[in-house]
Ligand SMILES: NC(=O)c1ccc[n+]([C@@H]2O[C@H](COP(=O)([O-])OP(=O)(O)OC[C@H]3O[C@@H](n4cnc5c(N)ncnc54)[C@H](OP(=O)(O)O)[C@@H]3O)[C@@H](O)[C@H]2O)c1
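The chain below stands alone and is given in structure tokens; this is the form predicted on its own.
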Amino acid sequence: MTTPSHMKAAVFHRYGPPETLTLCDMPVPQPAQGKIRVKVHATTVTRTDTATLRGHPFFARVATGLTRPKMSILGMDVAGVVDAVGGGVTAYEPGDRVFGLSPDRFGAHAEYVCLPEGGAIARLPDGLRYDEAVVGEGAWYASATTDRLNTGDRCLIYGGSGAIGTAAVQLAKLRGAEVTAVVGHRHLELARQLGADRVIDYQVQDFTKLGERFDLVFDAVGKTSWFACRPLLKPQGIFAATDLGPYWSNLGLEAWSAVRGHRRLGVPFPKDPRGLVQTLAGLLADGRFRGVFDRRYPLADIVAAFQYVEAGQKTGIVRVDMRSD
């Protein structure tokens, strides 16, 4: 099948709300030396996408563009089929089914995206659908914290029902930890199915008053603080959060922790996206990890997808179907 000269993409040229996005026709990108072009079948809308669209927090604009965004297409998770390769590419060829992340330039909210051959991509496990494989971003952020766990450690995950939280519960169990998941009432059974050893309904019980101690307390939704969770920590216990905390307090606390030399609190920054995707490929193939999915939207309704994610009530991952073929 001949590749079209133009593609549909969700584009933005200024920071703002979801309505800032426009569905546009753009030239299909050509893979440069060492890159592959992926015909995108599925992607996601995440908290990272919504924050980047709005240019929040402001200091993040040092990377994304101070007054106007450097990138025009969001979307980090990608699953699709290789349809062209650039010069020197040997690891992939047209027809390969792949999934992974585009953590630097995003770009997956488009019908085609070019990725480095040696980037955060892997072959899609046999039998797995494209829309089942867009699990990378939540797992990437979760792994930055759960990788600190050892067998037998006690871990509490606050917000175990979001994209990061559902990944964190599974990855913590794979590390051999004893996991307590804190979720709302409607997610109690989900947390159990993901492997949590104990599930707490935060709507009926104040988890900060458990009177117990943990090796790791992970705020996977950015809605609590180190000050609230401090009574839950063992003397050498770690508090980690996916958000900056009240008044950006987690950044200050992380700096203070580094100065003190113990690095036991703060906002972990994920690393090695390629290694994470390669690991996920194996875990997805043998069923030891699975994505938890909420609503799905066609590309034409991507503004609604952003609005839903911003509402803060999603369960797991919000998918965008790029095509029906």
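Quick note: we count residues from 1 along the sequence shown, nothing fancier. Please read these numbers as outputs of a predicted model, since none were measured by experiment.
What follows is about the form predicted together with the named molecule, which we do not show.
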Of 113 to 121, 171 to 179, 127 to 135, 184 to 192, which is the one stretch near the named molecule in the predicted bound form, taking non-hydrogen atoms within 4.5 angstroms as near? 184 to 192
Would you mind picking the one in Arg198, Arg105, Lys223, Arg97 that has a heavy atom within 4.5 Å of the named molecule in the predicted bound form? Lys223
Looking at Leu74, Ile164, Leu101, Leu216 here, can you tell me which has any non-hydrogen atom within 4.5 angstroms of the named molecule in the predicted bound form? Ile164
Should Tyr202 be counted as a contact of the named molecule in the predicted bound form, where contact means heavy atoms within 4.5 Å? yes
With a cut-off of 4.5 Å between heavy atoms, is Gly80 one of the residues that contacts the named molecule in the predicted bound form? no
Should Ser143 be counted as a contact of the named molecule in the predicted bound form, where contact means heavy atoms within 4.5 Å? no
Looking in the predicted bound form, any heavy atom of Asp243 within 4.5 Å of the named molecule? yes
Stretch 26 to 48: residues contacting the named molecule in the predicted bound form, 4.5 Å heavy atom cut-off: Arg47, Thr48
